[in-house]
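Read the single chain below, which is given as structure tokens and is the form predicted alone.
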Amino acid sequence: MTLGVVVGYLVVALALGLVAYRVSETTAEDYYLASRSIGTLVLLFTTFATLLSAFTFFGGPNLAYAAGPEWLIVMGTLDGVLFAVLWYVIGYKQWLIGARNGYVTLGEMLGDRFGSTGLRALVAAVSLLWLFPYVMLQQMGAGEALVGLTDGAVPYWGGAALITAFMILYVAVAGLRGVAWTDTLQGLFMLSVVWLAAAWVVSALGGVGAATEGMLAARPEFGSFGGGTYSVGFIVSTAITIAFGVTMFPQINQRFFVAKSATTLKRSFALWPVLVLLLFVPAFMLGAWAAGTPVTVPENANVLPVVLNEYAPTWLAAVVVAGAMAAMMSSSDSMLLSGSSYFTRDLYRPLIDADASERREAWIARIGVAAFAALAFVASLFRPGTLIEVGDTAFSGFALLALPVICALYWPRTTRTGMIVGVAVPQAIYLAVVLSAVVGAVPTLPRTVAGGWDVALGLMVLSGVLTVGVSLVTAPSEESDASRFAVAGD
């Protein structure tokens, strides 16, 4: 029954993608950006469903179960508001520039502004580098979800393989129009089922008051703010790196280009904080309340399926895991689609075959999607960390791009050399930090300093300082054209 619900959901999503395929045009702008025609409801929910993944659906409740409900403040309040602000600061300006000049990717936009194929390729390479662990995160989440829900009848690799095969098939067929339509369905679905699950479990525990009393009796420290994992350094570092990192995620950043009007864009980022709180409150509190129950969560398992198996009927547990799978798929298909656009438009066409036809580019994109997803699947079998650890690594890597991009958008004096140094140096240092944790030959470097402050936060500052400092001591290149970004909004 469990697998039937999950597979049934996949079939419905695929059918919707096929309908989108039939009404799509065969142009790159339509395949990657749905011809910049997305309205408020679809833009809001495709961003919502794309952003919410295994990291929030399983990793969030896991952290709340282990360390307390403050994760709700980090992700629901701080990040919800901060991302909405950045959506205006970065996204609105990008939308104005993209609508005027027809850009499809962030690298294409920066490369044209600074007349630099090297900068374009650098931004694409950095984006693909950090996209890899985040795709892997979805496959890990799917594998663990089906293991927990089926009591091991479906092996970890089987769940990861199922979502990998679906992602490849869906992205090859649907394009952004299909992804956005399916995201809307998936966003509404996951929002509904998580509230249904929370209501069912809370009812079984005797109500919100009884569930909270049980949590506080088992873990008294959950009743006070901060302490343990939630140091000031952890909360501030995590909220900032995630919010800035999200704006540079290829699958999110490209959505800054797709709104059909400025009004659509403004309505979407104004409604954003409300929408994320509607999902995070029940999902994360289920994890926190589970700490007061007698359930035992096996090592490497997710708390949400375990709690549902204990307190909800089988059909509801299956539906909720299908909702979680929806969250993972809605993120993964968008990641692969954006990743393929970065590869084909910013690496393959400018560096390998500038005269490639649109048909050849489309085939290269589909082959790239299959290869990228397959490699991530193989890597996911080694489980290099928890969902939170893998997700945080990717968020921080993307966050290092944000300040140079803001400089480029708002400071005409920014130079090509300043951009390249501001992007490359912090990325190289952060990559060394990450590799030192998994490669024995690299000397160990700390991920946090001074009581929980993420080293990525310091590297973000370094990226801004280098971009501004090097720009001040270098001259704009002849190929640079600041007027490309000279747009006015209301």
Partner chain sequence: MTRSRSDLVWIPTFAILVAFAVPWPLWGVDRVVAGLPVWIWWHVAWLGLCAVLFALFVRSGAWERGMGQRPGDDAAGVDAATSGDPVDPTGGDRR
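Residue numbers count along the first chain shown, from 1. Just so we're clear, the structure is a prediction, and the values are computed from it rather than from any experiment.
The following text describes the form predicted together with its partner chain, which does not appear among the structures shown.
Tell me, out of V378, V274, I352, A371, which residue has a non-hydrogen atom within 4.5 angstroms of its partner chain in the predicted complex. None of the others qualify; the residue that does is V274.
Within 4.5 Å, heavy atoms only, which of G107, G76, G418, P305 is in contact with its partner chain in the predicted complex? Among G107, G76, G418, P305, a heavy atom within 4.5 Å of its partner chain in the predicted complex occurs only for G76.
Check, residue by residue, if E70, V81 and G209 all come within 4.5 Å of its partner chain in the predicted complex, counting heavy atoms only. Judged in the predicted complex, E70, V81 and G209 all sit within 4.5 Å of its partner chain.
Segment that reaches its partner chain in the predicted complex - one of 188-196, 337-345, 130-138, 81-89, heavy atoms within 4.5 Å: One stretch meets the cut-off, namely 81-89.
Can any non-hydrogen atom of L265 be found within 4.5 angstroms of its partner chain in the predicted complex? L265: yes, in contact with its partner chain in the predicted complex.
Are any of the heavy atoms in Y410 no more than 4.5 Å from a heavy atom of its partner chain in the predicted complex? Result yes; Y410 sits at the interface with its partner chain in the predicted complex.
4.5 angstroms heavy atom contact with its partner chain in the predicted complex for L316: Close contact is absent here: in the predicted complex, L316 is far from its partner chain, nothing within 4.5 Å, heavy atoms only.
Given that its partner chain is not shown alongside this chain, does L216 nevertheless sit within 4.5 Å of it in the predicted complex, heavy atom to heavy atom? L216: contacts its partner chain in the predicted complex.
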